[in-house]
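Okay, here we've got a single chain as structure tokens, the form predicted alone, with questions on binding and movement later.
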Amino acid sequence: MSKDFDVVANYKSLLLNSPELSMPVAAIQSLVELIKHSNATTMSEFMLSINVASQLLKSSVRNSISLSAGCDLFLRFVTRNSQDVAEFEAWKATLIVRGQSFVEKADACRYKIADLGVPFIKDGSTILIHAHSRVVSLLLQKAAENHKRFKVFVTESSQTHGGIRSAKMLRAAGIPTTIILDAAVGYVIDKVDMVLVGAEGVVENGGLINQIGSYQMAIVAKAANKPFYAVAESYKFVRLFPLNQYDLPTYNADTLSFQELNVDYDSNNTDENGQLVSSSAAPASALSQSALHMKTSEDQASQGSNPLVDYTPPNYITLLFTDLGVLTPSGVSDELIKLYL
């Protein structure tokens, strides 16, 4: 690996300068840049540098699911094309060209998915979406351009506020959109005709890894007999086979751990007579009249004690819209075999 090239810094710079760029595509683009700067003179040295860079990228973020999918796909591509190398430098040049071609074509995947998903959106329907997904937003915008009339509920996503971002984009496209609390999914489900979510990764059994809250939406949708559709680019197909929520690579021992709470009362607490009371002696009746500030030892729960993603088993998923076609969950295994073998 070139000492002058920082693959992690390059990756973060790509995401910062191109907000619409997905994590796996940014990872592949960074690995292509690494090849350009590589000083390796032998095949073994070159493969080692690619593997080291891949591990550095995966360890640079807390949620590495989709990033790992991009790294693993590129590594498989490099390995598969390294068997019959006649001229090392010419082979590296070919990898660079093909890698850049993949990055250029990646954006087209979303448009293909949008075209496949539009026929599933019916006039007069109400759609529930979760947080923010680029491809979900594009699909809905394409449906509106095709003169489909529909309404959207979007969960706020309190951890990232991605739902607010989605609502702004959809409203700008003329789509009636209402932001709901994450806890209100069950409340609105009877008004909904379908649920549509994006994906951080699609695993080997056709299950879905996505932003936290997706699993409970799937459970509610199934209970209400509503179709649950997922949209995902094929470069997010990942070689994982989780058995439950705690089998994900993002899980650690601190996830949902019970931290010691330090309770601070507002200094302006009042009792039922309107009299000021000290924060150390605030009666229970005052709690209903003032804010209760609770701080964990980590200060913010999202810094470690709460999960970023969850796993939705395939039996909760109706169909997946991908650039490879509209798939049932069981069809994902076949496509993964094609990608990696």
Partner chain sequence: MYHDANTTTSPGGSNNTSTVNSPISAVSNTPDLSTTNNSTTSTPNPTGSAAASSQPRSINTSGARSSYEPMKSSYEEQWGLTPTSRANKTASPRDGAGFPAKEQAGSHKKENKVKASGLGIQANAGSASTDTPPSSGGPASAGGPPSSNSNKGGSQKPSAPSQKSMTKAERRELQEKQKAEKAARVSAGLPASGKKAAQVLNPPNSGFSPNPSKSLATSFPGAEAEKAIAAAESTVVHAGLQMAQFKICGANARCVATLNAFRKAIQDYQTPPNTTLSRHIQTYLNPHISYLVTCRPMAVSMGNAIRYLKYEIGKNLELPDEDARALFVEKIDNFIRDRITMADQVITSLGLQKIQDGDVILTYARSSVVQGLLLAAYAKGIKFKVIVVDSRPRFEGKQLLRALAAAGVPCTYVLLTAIGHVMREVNKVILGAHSLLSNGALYSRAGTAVVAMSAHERKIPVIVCCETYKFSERVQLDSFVQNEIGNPDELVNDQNNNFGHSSTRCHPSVRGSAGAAAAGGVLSGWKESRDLKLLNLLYDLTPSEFVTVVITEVGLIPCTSVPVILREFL
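Bear in mind the structure is a predicted one, so any value in this text is a computation, not a measurement. Numbering follows the first chain given and starts at 1.
The form predicted together with its partner chain is left out here; the points below concern that form.
Participant: Quick check on this chain: which one of 150, 91, 102, 251 has a heavy atom within 4.5 Å of its partner chain in the model of the complex?
Facilitator: Contact with its partner chain in the model of the complex is made by 102 alone.
Participant: Using a 4.5 Å cut on heavy atoms, which of 80, 191, 161, 122 is close to its partner chain in the model of the complex?
Facilitator: Selected residue: 80.
Participant: Heavy atoms within 4.5 Å of its partner chain in the model of the complex: does residue 142 have any?
Facilitator: Outside the cut-off, so no.
Participant: Can residue 317 be called a contact residue for its partner chain in the model of the complex at 4.5 Å between heavy atoms?
Facilitator: Yes, residue 317 sits close enough to its partner chain in the model of the complex that at least one of its heavy atoms falls within 4.5 Å.
Participant: Look up in the model of the complex whether residue 329 has a non-hydrogen atom within 4.5 angstroms of its partner chain, and give yes or no.
Facilitator: Contact check for residue 329: yes, within 4.5 Å of its partner chain in the model of the complex.
Participant: Any chance residue 10 has a heavy atom within 4.5 Å of its partner chain in the model of the complex?
Facilitator: Taking the distances in the model of the complex, the answer for residue 10 is no, it never comes within 4.5 Å of its partner chain.
Participant: Tell me which stretch of 122-130, 240-248, 182-190, 166-174 has a heavy atom within 4.5 angstroms of its partner chain in the model of the complex.
Facilitator: Among the candidates, contact is made by 240-248.
Participant: Even though the chain is shown alone, can you say which residues of 198-236 have a heavy atom within 4.5 Å of its partner chain in the model of the complex?
Facilitator: If the 4.5 Å heavy-atom criterion is applied to its partner chain in the model of the complex, 198-236 yields 204, 205, 215, 234, 235.
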